[in-house]
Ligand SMILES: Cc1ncc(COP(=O)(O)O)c(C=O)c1O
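One chain comes next, on its own, written as structure tokens: the form predicted on its own.
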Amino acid sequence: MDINTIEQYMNRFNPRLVAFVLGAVKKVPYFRKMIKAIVRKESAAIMKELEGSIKPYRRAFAEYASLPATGRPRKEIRDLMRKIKSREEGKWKNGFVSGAVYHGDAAHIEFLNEIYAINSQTNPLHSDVWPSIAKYEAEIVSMTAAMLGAGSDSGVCGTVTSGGTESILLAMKSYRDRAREERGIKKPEMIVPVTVHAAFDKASQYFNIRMIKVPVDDKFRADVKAVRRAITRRTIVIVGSAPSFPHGMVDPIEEMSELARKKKIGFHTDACLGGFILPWIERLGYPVPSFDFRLPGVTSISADTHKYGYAAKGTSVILYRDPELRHYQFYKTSEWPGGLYFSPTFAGSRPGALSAACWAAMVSLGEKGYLDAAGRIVKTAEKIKKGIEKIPGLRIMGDPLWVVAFASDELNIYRVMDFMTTRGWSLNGLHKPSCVHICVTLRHTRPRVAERFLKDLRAAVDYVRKNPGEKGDMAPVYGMAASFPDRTAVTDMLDAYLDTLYKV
């Protein structure tokens, strides 16, 4: 018996009943061992099929499972990396990837690489040696805060982090520690929409904060009434997305943050994806729901500079309404024999060159650069949305601005995604509900990219409609993840995937 057989059998019954029965059965050691064995066997089979795509360079280039006896020539190493680069850059450079590379212009990349090289040895841990990085980071935070509704005397402050996940983790840790110290809360809870980024679940696991999930409405925005019902005396923070990663919808942050303000609870706007594009879309006259520090209930915001801020990968900004909240983020100790030690974020030593490149990107683009980029992206997204609406069998999820998710009530949408992969596209598969999205970037605004996407999407729908019995490559994986009631089977499969990544 395999996973698919079990899944087909269990799909005849109520999912909640199946989950309950599975939970009870797994408590019996014999059955737990049997289910684990089935899952491991199925995961191994799936990974074997996928290993070629996960490890495409196996035996194609030199491999090192241990250090070479003598160092390889630098020219040889450079040549190897250039060959690998040439294989990889075509897809994203031509605009065939959802998100991932947000600018990608050769001159912009070269400029950021030059800035990185100038600052390659800097480390903000040693601020006395490299005060330049403190200057860059302070100005990055200030520019970002001003863009997100903070007045010159508002007190809004923050830090530069390594990415959106770290920004989110730091914010949730800060709320937890503040609630513990100021309110005596020992079992903290955060209220989040089901569409919130997975980094909040990571924060929940890392910092032992119970995550209370609330549903979304038919436009995939958080249900405000459900948020109100979920608030308890243990609630330390409410979270809204601007926009959510899956469907590109901005939650009703004005209403949610006002609930938080009245209850004297923190409110975090996750604008990792939209922080550096929503302000400019709004400036261009498009309808953008309020989400930033202009709302009195918003007490923190995460915004990724390495997405639509067009910095190099590895920077983000976490902002707080006041320094007192930020103090709960800082690490400091006065007891270490090595002397006084303190750091603003999780890392000790950090690559100051990334902060320098981030500062350079922001200053070189300026308001006009961000406005122009936002206009091109939204216009391209509108073209894609109109094209999808004309394809029979597809429907757009919600009313997104530039992250366009689409589903089908007639076809296996994951097989549509599989076909798009054969045409060179790398799209994001989503589930709960099953759909696919394309996150539009500057790469997609290049001539004829949107037209090519729609042409290939029409061909994908036609092919899947005419060949309903084909299995596909990723369709079975996403199908199991979307429907199998035992989540252990899915997470074990992800363990197998991560194990495979680290195989030489």
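Each residue number is its position in the shown sequence, starting from 1. None of these values were measured; they are calculated from a predicted model.
As for the form predicted in complex with the ligand, it is not shown, yet the points below apply to it.
Enquirer: Only one of 354-362, 378-386, 265-273, 205-213 gets a heavy atom within 4.5 Å of the ligand in the model of the complex; which is it?
Expert: Of the options given, it is 265-273.
Enquirer: Pick from I168, I140, I191, V250: which residue has any heavy atom within 4.5 angstroms of the ligand in the model of the complex?
Expert: Selected option: I168.
Enquirer: Exactly one residue in R350, R326, H197, K173 has a non-hydrogen atom within 4.5 Å of the ligand in the model of the complex; which is it?
Expert: Contact with the ligand in the model of the complex is made by H197 alone.
Enquirer: Does the ligand come within 4.5 Å of any heavy atom of G149 in the model of the complex?
Expert: Residue-level check for G149: no, no contact with the ligand.
Enquirer: Does the 4.5 Å heavy atom contact test between R415 and the ligand in the model of the complex come out positive?
Expert: Contact with the ligand, no.
Enquirer: Although the ligand is absent from this view, report whether H103 comes within 4.5 Å of it in the model of the complex, heavy atoms only.
Expert: No, no contact at 4.5 Å.
Enquirer: Mark R321 yes when one of its heavy atoms lies within 4.5 Å of a heavy atom of the ligand in the model of the complex, and no otherwise.
Expert: R321: no, not in contact with the ligand in the model of the complex.
Enquirer: Pick out the residues of 306-338 whose heavy atoms come within 4.5 Å of the ligand in the model of the complex.
Expert: H306, K307, in sequence order.
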